[in-house]
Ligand code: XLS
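A single chain comes next, written as structure tokens; it is the form predicted on its own.
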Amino acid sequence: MSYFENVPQVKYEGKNSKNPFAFKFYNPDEVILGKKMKDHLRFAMAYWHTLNADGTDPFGSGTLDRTYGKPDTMERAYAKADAAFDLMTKLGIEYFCFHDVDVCPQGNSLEEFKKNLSDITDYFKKKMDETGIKLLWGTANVFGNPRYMSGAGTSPNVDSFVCAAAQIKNAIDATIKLGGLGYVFWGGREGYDTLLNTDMDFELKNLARLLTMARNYARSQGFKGVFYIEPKPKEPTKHQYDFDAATAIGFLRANGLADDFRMNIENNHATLAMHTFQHELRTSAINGMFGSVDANQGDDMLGWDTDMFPSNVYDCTLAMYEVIKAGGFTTGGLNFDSKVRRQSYTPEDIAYAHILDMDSFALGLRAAAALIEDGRIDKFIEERYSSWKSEIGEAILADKCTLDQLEAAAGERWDTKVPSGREEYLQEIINSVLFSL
């Protein structure tokens, strides 16, 4: 019996369809700005939330059955893999992502964990060959086990550091084995709760050592893909070292890692850092560090990482606007780091959630492309900065001015009038384009 036996093949039926198992806006082969929609969006299933999350919260036990009719052994791992590839095939999702602990039991020793990971990735490889589905990126969960309670790369305990290195090595091997396009580092415990017990300088240097060792090992094994840092300001620690894109980029540059690493930006993490999704994408792009995206959203009324499936088309529009402007995805994509709500407990709800996500970003893509083709926003920005094309503006940009020269030029400009920023006008352009689709 298939876990998703009640989910049919999901196809595009257009915006007037009332079929809950149909895409209303995501038409994978439709060409937008010279590229198929599926290639703009590069959707990927998140193994951890989609196949593992059971709805447990601090106030109650799980409400979602994630046993797949099997005991918690390798039998369940294989049944879970069958369910994963069945769902991706029915939804037309061409990529997936995973942590090492998502896909198989850890067993009672490192050797048992290695064997389980090797066996399940053998099975993955077979399923990938059968379906054509590819691995977007892999990673290691070095934050969940109690040995990582004080960090992994930043732990005060050297044994924890050593164990994390072993897990990362094996996760890199699995990623290479499956032809993964990237490898992600999320510093779930790489931070602190209080500086009273923390040697920050020591911890940051050790984190750089671990990332450098991982980079060097992967390259020695022939890995040609991209390494990603996924910024998050807090939770589970009070302060994480990869606070936001700017902080992570500065850290990578300071430690000679910028050439190999890019950002994996998550919407909900951006809002926790008091930024917008658009801001984190723009910050990554202008620093040459745009890479991949965890596609989810938070709840404005809740101050934690809710990992909701995105439905805010306005956010999706501004995100895809940044993605297109950054040149689009190369090795990255839109990974559904999202989980259904506790009350959405059936397998069908997982399919509905992915349809929502894929349609939301498809709408965002259509609107972003229309905004770019419309051209009014680009034209406005060009005009807003047009004074820099003057003689003195060009001299400043060419680094040919001194403060003395600028003081001499300031007198005749002392009563200058700065042009209006017209934020409301620009927002109306977005609305007019979005709601005319």
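Predicted model only: the values in this text are computed from it and were never measured. Numbers for residues come from their place in the sequence shown, where the first is 1.
Keep in mind the form predicted in complex with ligand XLS is missing from the figure; the text below concerns it.
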Using a 4.5 Å heavy atom cut-off, state whether residue 48 contacts ligand XLS in the predicted bound form.
yes
In the predicted bound form, residue 134 touching ligand XLS (heavy atom, 4.5 Å):
no
Is it the case that residue 357, even though its partner is missing from this view, gets within 4.5 Å of ligand XLS in the predicted bound form, heavy atoms only?
no
4.5 Å heavy atom contact, residue 305 and ligand XLS in the predicted bound form
yes
Exactly one listed stretch (266 to 274, 219 to 227, 241 to 249, 191 to 199) reaches within 4.5 angstroms of ligand XLS in the predicted bound form by non-hydrogen atoms, and it is 266 to 274
Only one of 232, 366, 80, 339 comes within 4.5 Å of ligand XLS in the predicted bound form by heavy atoms, so just point that one out.
232
Interface residue in the predicted bound form among 261, 290, 186, 321, criterion: non-hydrogen atom within 4.5 angstroms of ligand XLS:
186
4.5 Å heavy atom contact with ligand XLS in the predicted bound form for all of 99, 143 and 294
yes
